[in-house]
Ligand SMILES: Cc1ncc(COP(=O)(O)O)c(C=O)c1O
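Only one chain comes next, encoded as structure tokens, the form predicted alone.
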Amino acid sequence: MDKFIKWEKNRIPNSEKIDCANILSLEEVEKAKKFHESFPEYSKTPLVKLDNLANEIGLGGIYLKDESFRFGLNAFKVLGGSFSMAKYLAKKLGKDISELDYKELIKKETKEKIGNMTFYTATDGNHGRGVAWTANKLEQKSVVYMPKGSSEIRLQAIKNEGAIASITDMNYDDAVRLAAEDAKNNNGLIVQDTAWEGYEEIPTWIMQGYGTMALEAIEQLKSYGIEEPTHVFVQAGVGSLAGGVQGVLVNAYKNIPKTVIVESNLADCLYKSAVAADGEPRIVGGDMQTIMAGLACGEPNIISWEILKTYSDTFVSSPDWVAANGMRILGNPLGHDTRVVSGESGAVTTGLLYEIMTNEDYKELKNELKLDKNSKVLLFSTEGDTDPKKYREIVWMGGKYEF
């Protein structure tokens, strides 16, 4: 395994800018936020100021969105799954999602019009749990497939939400194909955040759902007196979260922050797509056995890739030790900084930012990004300790997750 961080400045030529206004306009994303707010479990997740860490590594500010508090599910993923499922049901009812909220969807007369449904998906854990949770809340069924090597703890968490769930002998992308095929054969609905030819509507809705997190962060930054962050670091698997965040940034800010897209080096399809520099997405195969299970995806969302290649500044391929360091940094804060319990996929951006600012080997990247004492950096901790045993193994014991 390559122990070094690799990066590629975005140099992909674009004849025209992609118009994010249609699918990720603030109006459309606000509909997602309003829907999420209709759940009894909704509350805005914290945006933590890490002032001591920022001062320690020479930045003007670090602001981290802690998604471990999201709907009691310990991860952000439910935002996309729940909104896409609601949008599908609204379309089935001939209504706009703005006309429906959670209470309306579970009314007896609404359910009679919808009928019985089964939602299918593939997941490393967080997305599948979100789909299962939403299906359960809507009194519908769900079937969830997980790739080989998935955590038994995450599997049980999905089953606890009422899903039929199993760990397959496939990698993530093949598990997606299995879920899609079974949904087709059993008159179900595939709910996946990756898009491919002919399957683009639901992934678009999922990206809009992720926009809730970005809108909250924008509001919270303003409460701290930050009108515009200078930099945003966001992690990527297929790229739906990254594309959703990037699209919201394009619409929300006159001066678009420098956006750094961070992947596992064992599943770095977006990084490889950027390196290729012809604008066409690349695929990574194999088992992709990274500790960043939520990022172990080798086939890009084709919708998201169009947004990212147009607007994102830098693509980074990151080894596991960067994520492990990020987990330790957030779990052992400096001074009065708030402690954040961040999982493997959640902490990689923090680990990367720390490394860029403190390691001379990455001085070129630091200078290219213009990261300095004037920088206000937004990060997303997308999950908590969704596998508590693995979290303690990494944070307490270190072991093979050292550089």
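In case it trips you up, residue 1 is the first one in the sequence shown, and so on. Computed from a prediction, not measured in an experiment: that's the story for all the values here.
Note that the form predicted in complex with the named molecule isn't included here; everything after this is about it.
Note on contacts: among Ser240, Ser317, Thr259, Gln192, the single residue with a heavy atom within 4.5 Å of the named molecule in the predicted complex is Ser240. Stretch-level contact check against the named molecule in the predicted complex with heavy atoms at 4.5 Å: of 141-149, 217-225, 158-166, 232-240, the positive one is 232-240.
Using a 4.5 angstroms threshold between heavy atoms, Asp268 stays clear of the named molecule in the predicted complex. For Leu73, no non-hydrogen atom is located within 4.5 Å of the named molecule in the predicted complex, even though that partner is not displayed. Within 4.5 Å of any heavy atom of the named molecule in the predicted complex lies no heavy atom of Ser264.
For Gly294, a non-hydrogen atom is located within 4.5 Å of the named molecule in the predicted complex, even though that partner is not displayed.
Contacts between stretch 120-145 and the named molecule, counted in the predicted complex as any heavy atom lying within 4.5 Å, involve Asp124, Asn126, listed in sequence order.
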